[in-house]
Ligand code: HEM
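Below sits a lone chain in structure tokens, taken as the form predicted alone.
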Amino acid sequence: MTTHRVKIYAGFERLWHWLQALFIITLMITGFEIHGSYTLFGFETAVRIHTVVAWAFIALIVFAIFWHITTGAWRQYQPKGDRSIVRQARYYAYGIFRGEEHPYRKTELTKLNPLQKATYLGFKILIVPIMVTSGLLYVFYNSWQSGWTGGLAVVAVIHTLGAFALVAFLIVHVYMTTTGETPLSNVEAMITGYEEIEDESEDASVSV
């Protein structure tokens, strides 16, 4: 097998990824403290940090949406609608532990495998909108809850469920980063932007 070094991740993509990770982890830490799970910063400080970082996260989302649309990067998340996602899930579940060959070949144009596409798409169109919408409703509850008794409690439950979904996503995402050529190769690629890609002329590719 021969490979060549290719720039996979653009500068903004890497910046967006690491800022998003920083914001999400900070929001998780402060959010669960606000819920009373533990004491780290103190309630009032945790609320202030959570609020400031939440607005920064929303600003980052707006920039990221603009970047994905203008560069066409949104196409990376389009599912193919075949059984390739089943093969990929099977590989992550136990095939990787049996030394099976990866069912998907990464290329310069398709850097996400089918399961990654589905996971990240769900993150972008389901988890993030739920967290942002419920968070904004929480911040501006004085302007809408007057005619809805218990409305804030419902929003709080939705926001909390979204937070647990976010934790689950983070765990899955971290696991996926360890499934490259080495446990840290995917992390290195997201830092440098470059990754070793198999030559497409070889016959090892699998249709997605």
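As the structure is a prediction and not an experimental result, all values here were calculated from the model. Start at 1 and count along the sequence shown; that's the residue number.
The same protein also exists as the form predicted in complex with the ligand; that form is not shown, yet it is the one meant from here on.
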Which of these stretches, 133-141, 87-95, 69-77, 113-121, has heavy atoms within 4.5 Å of the ligand in the predicted bound form? 133-141
Mark His35 yes when one of its heavy atoms lies within 4.5 Å of a heavy atom of the ligand in the predicted bound form, and no otherwise. yes
Within 4.5 Å, heavy atoms only: does Ala156 come near the ligand in the predicted bound form? yes
Is the gap between Ala54 and the ligand in the predicted bound form 4.5 Å or less for some heavy atom pair? yes
According to a 4.5 angstroms non-hydrogen atom cut-off, is Ile65 in contact with the ligand in the predicted bound form? no
To verify the annotation, which of these, Ile49, Leu166, Leu60, Met176, has a non-hydrogen atom within 4.5 Å of the ligand in the predicted bound form? Leu166
